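So this first bit is one chain, no partners, the form predicted on its own, shown in structure tokens.
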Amino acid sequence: MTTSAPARASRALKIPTRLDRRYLPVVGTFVVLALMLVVGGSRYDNFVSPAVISNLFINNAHLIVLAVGMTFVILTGGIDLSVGSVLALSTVVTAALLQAGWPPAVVIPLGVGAGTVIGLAHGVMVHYFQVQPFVATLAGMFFARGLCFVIAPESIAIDNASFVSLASWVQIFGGWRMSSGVLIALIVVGIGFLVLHFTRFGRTVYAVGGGEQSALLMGLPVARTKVLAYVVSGTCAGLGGLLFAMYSRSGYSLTGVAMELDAIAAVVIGGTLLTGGTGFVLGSVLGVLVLGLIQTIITFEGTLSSWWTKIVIGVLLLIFVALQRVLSLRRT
């Protein structure tokens, strides 16, 4: 059988003749984001201005970090329901220690480390004790939230000069603003991208999500990978708490209520399969931007209730889950 010249050339140059199905949800998310920007820009004045786009990143820097950590866990076929409570715990620990006079150089690692320890506990329970991820992280959610109220029943303002100076750092580039929180979030995204796509640990994360038994038969370090995935998620939750403390200049026990659902929604809308094995960190970032842009559009509209944000997110989530189901059925 003869083949056409373009087909032979594409094989020789290793150029794909059609888009890999793994990228379709991410492409769909990008298209939705682009359409929202086009519609918003045509409907509202200054919608696609540097100030609005900069605020989109500044207001959602902590959620971007949460989504990066959640991507690792969901890629292994797990889930982490504790990230909102761990974020709150990090803000409370940070604020309480700063109020007690501890230096930021000591407080910041302790705030992030609290999330790392809880993530490690989740990983151990999930793999070694065979506890379902839903149950293990639900227990962690209650534990972290309760610990917040034990440490600080009321909101704690942060007035440490060094910490406030770090939180207030902003660079302006021709109308674009870059805060310290956004810079940290982008660094986390870059590290997450490099780890998932260019390290053995990242490739093993995909392999475990694609089939844990197959990964074991191939001799891959499944136990270490699953535990580390939850450690990454916990660390990102702790770091997200630090960014939120920088953003709000306070620590509060009720911070981050249901924020784990926003992180999961962003990851799923960004194209990561809930069954694991397929997904991308950059897709999760696009998912966060879609969620933030929905809120921005409702704010610009001025006549809609904020609850419409949840309604639109729910509709988008159902659409993307249905798309994932269709793609998985076609694959099998």
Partner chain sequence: SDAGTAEPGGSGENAGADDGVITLGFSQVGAESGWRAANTKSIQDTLTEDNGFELKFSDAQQKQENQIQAIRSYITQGVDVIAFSPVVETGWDAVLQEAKSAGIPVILTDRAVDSSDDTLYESFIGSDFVKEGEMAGEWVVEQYDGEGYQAVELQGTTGAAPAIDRKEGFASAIEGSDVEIIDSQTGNFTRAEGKTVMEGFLNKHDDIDLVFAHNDDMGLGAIEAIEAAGMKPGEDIKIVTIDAVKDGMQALVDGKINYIVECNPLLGPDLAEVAQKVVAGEEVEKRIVVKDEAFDQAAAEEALPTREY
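No experiment lies behind these values; they were computed from the predicted model shown. Positions refer to the first chain, counted from 1.
Unshown form predicted in complex with the partner chain; subsequent notes refer to it.
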- [ ] Report the residue, out of 254, 100, 161, 187, that has at least one non-hydrogen atom within 4.5 angstroms of the partner chain in the model of the complex.
- [x] 254
- [ ] Using the partner position in the model of the complex, report whether residue 156 sits within 4.5 Å of the partner chain, counting heavy atoms only.
- [x] yes
Open item on the list: So in the model of the complex, is the partner chain close enough to residue 31 to count as touching (4.5 Å, heavy atoms)?
Closed with: no
Open item on the list: Whether residue 259 contacts the partner chain in the model of the complex should be assessed with a 4.5 Å heavy atom distance threshold; does it?
Closed with: yes
Task: is_contact(residue 35, the partner chain) in the model of the complex, heavy atom dist at most 4.5 Å - done: no
- [ ] Sequence order please: the residues of 278 to 313 with a heavy atom within 4.5 Å of the partner chain in the model of the complex.
- [x] 295, 296, 299, 300, 302, 303, 304, 305, 306, 309, 310, 313
